[in-house]
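Quick heads-up: it's one chain on its own, the form predicted on its own, in structure tokens.
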């Protein structure tokens, strides 16, 4: 039976650095996906992902016994992304929909698949148009499926504020999506 993330991180904190490899294997993909969507830049996301794991090792002594590993990891990732944006002195670039990987379902007809792909591309373009704070709260709460308590801890706000921010961000995403749906060239 594999050890839970929390126990692995406690072992890393206590000096068993081999356990970091297991944590990396488990969380590299989701963390990369989060950072890729947050930054809109795959190369930067890969670099940031490595930085997050380096910081996990460097700051392993800050991990607490009652801590939640995923929340702690995304908190570090958020800080790394903030440092990246501060250094770059620019907002995240909108993602190019042609650069996204399509996951076609073989059971769906070609016309339905094309429509779904178009909707997916519009959704990613709309996500790219959100400001960084709105995109971040949606990525954490919806795509990474963290609880609002975990999101609140990462964003350093109350649970109620995290819920409100997610709700407003979702409405903003919907507005951008419908605007793009009406006029895709905007």
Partner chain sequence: MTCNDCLEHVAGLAYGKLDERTAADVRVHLAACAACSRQFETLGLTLEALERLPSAPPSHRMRARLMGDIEAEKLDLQGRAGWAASIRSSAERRPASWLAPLLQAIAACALLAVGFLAGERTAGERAATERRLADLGAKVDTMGMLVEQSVLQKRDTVDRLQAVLTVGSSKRPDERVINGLINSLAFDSSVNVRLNALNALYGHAGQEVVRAGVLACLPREPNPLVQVSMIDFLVAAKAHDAAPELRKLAEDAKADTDVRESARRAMDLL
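Residue numbers count along the first chain shown, from 1. Nothing here was measured: the structure is a model prediction, and the numbers come from that model. Only the largest set of C-alpha atoms that superpose within 1.5 Å between the two forms is called the rigid core.
One more form of this protein should be noted, the form predicted in complex with the partner chain, which is absent from this view; the next part is about it.
Run the contact test on 68, 84 and 156 with a 4.5 Å heavy atom cut-off to the partner chain in the predicted bound form and return yes or no.
No residue of the spot touches the partner chain in the predicted bound form.
Although the partner isn't part of this model, could you tell me whether residue 119 comes within 4.5 Å of the partner chain in the predicted bound form, counting any heavy atom of the residue?
Heavy-atom contact with the partner chain at 4.5 Å: present for residue 119.
Give a yes or no for residue 133: in the predicted bound form, does one of its heavy atoms lie within 4.5 Å of a heavy atom belonging to the partner chain?
It does not: once the partner chain is placed as it appears in the predicted bound form, residue 133 has no heavy atom within 4.5 Å of it.
Taking heavy atoms only, is residue 166 within 4.5 angstroms of the partner chain in the predicted bound form?
Yes.
Examine residue 62 and determine whether its closest non-hydrogen atom to the partner chain in the predicted bound form is within 4.5 angstroms.
Result no; residue 62 lies far from the partner chain in the predicted bound form.
If you look in the predicted bound form, which residues in 28-58 sit within 4.5 Å of the partner chain (heavy atoms)?
Heavy-atom contacts within 4.5 Å come from 28, 32, 33, 36, 37, 42, 46, 49, 50, 53, 54, 57.
Could you tell me whether the Cα atom of residue 178 shifts by at least 2 Å between this form and the one not shown after core superposition?
It does shift by 2 Å or more.
Taking the cut-off of 3 Å or more as given, in which direction does the distance between the C-alpha atoms of residue 6 and residue 143 change in the predicted bound form, closer or farther?
Compared with the shown chain, residue 6-residue 143 is closer in the predicted bound form.
Relative to the form shown here, do the C-alpha atoms of residue 145 and residue 138 sit closer together or farther apart in the predicted bound form, given a change of 3 Å or more?
Their C-alpha distance grows by at least 3 Å in the predicted bound form.
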